[in-house]
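Below sits a lone chain in structure tokens, taken as the form predicted alone.
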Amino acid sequence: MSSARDNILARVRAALGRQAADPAARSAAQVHMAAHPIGPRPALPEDLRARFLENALKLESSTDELATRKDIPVAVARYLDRLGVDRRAAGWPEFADLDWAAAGVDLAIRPTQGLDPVGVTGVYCAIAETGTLVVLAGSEAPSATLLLPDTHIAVLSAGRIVGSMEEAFALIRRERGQMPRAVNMISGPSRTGDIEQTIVLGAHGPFRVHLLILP
């Protein structure tokens, strides 16, 4: 791979009339990339929560605002009843302490095995500018649980809403030090317009994305 890259760059330099790589230019480029500069961006309102909810609804996500974390099981049961589906789901370990049995929800704390109709996950942060959820992969946050079920229920703290994608990546670098092996960006239900430019939901992932918003 390195040899192929060097050959390509050598041809580019030859086309530009340069004889060899410029160490100073390479050093300047590395400094620029390490600084993670942010370019011009559209202005955002002070109320990032309202902007995020507005954009999430445009993407056909549904939302439910909760008062406390303890309300999550009841909110999940209420949503599944509205859909008319069984109260069965796979969920992340962070929700194991909640009283799912009292709400009548059969939540299996494990990665989905591909047959679970519903996945319940947390969210690392969310982007107000686009209505996007940011989910980091990890041993306690298996990506399959948000990608394979037909219905994805995501729990988001309003305090984790940032303005833009640049701010989301800056938050990851600040809190984690380095990027995880996968960063999932979820902008509403999975969709495609490949066939006759007709939008079809659930093409490559969940048909539905339901957001439970905590204070």
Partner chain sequence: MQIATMYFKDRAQLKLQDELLQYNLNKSKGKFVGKRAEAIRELDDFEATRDAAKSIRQRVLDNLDTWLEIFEENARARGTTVLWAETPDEVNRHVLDIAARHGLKKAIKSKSMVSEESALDHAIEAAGMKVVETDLGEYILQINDYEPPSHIIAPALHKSKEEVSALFAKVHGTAPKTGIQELCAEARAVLREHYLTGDLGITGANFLIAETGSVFLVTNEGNATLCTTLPKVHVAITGIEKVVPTLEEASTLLRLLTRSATGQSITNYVDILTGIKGAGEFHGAEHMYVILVDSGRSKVLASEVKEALRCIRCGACMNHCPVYQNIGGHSYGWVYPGPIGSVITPMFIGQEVAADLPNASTLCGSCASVCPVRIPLPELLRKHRETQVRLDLRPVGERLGLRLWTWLASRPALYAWATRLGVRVMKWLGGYEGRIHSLPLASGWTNGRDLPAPAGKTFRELYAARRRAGRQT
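Numbering follows the first chain given and starts at 1. Superpose the two forms; the largest set of C-alphas matching within 1.5 Å is the rigid core. Just so we're clear, the structure is a prediction, and the values are computed from it rather than from any experiment.
There is another form of the same protein, the form predicted in complex with its partner chain; it is not shown, and what comes next is about it.
Colleague: Does its partner chain come within 4.5 Å of any heavy atom of residue 50 in the predicted complex?
Modeller: No, residue 50 is distant from the partner.
Colleague: Can you check whether residue 154 is within 4.5 Å of its partner chain in the predicted complex, heavy atom basis?
Modeller: No, residue 154 is distant from the partner.
Colleague: If you check in the predicted complex, is residue 144 within 4.5 Å of its partner chain, heavy atoms only?
Modeller: Residue 144: yes, in contact with its partner chain in the predicted complex.
Colleague: I'd like to check something about residue 162: if you look in the predicted complex, is any of its heavy atoms closer than or equal to 4.5 Å to a heavy atom of its partner chain?
Modeller: No.
Colleague: Give, in sequence order, every residue of 166-188 that has a heavy atom within 4.5 Å of its partner chain in the predicted complex, or say none if there are no such residues.
Modeller: 166, 169, 173, 178, 179, 180, 181, 182, 183, 184, 185, 186, 187, 188, in sequence order.
Colleague: Rigid core fitted, then: does residue 13 show a CA shift of 2 angstroms or greater between the shown form and the other one?
Modeller: Indeed, residue 13 is displaced by 2 Å or more.
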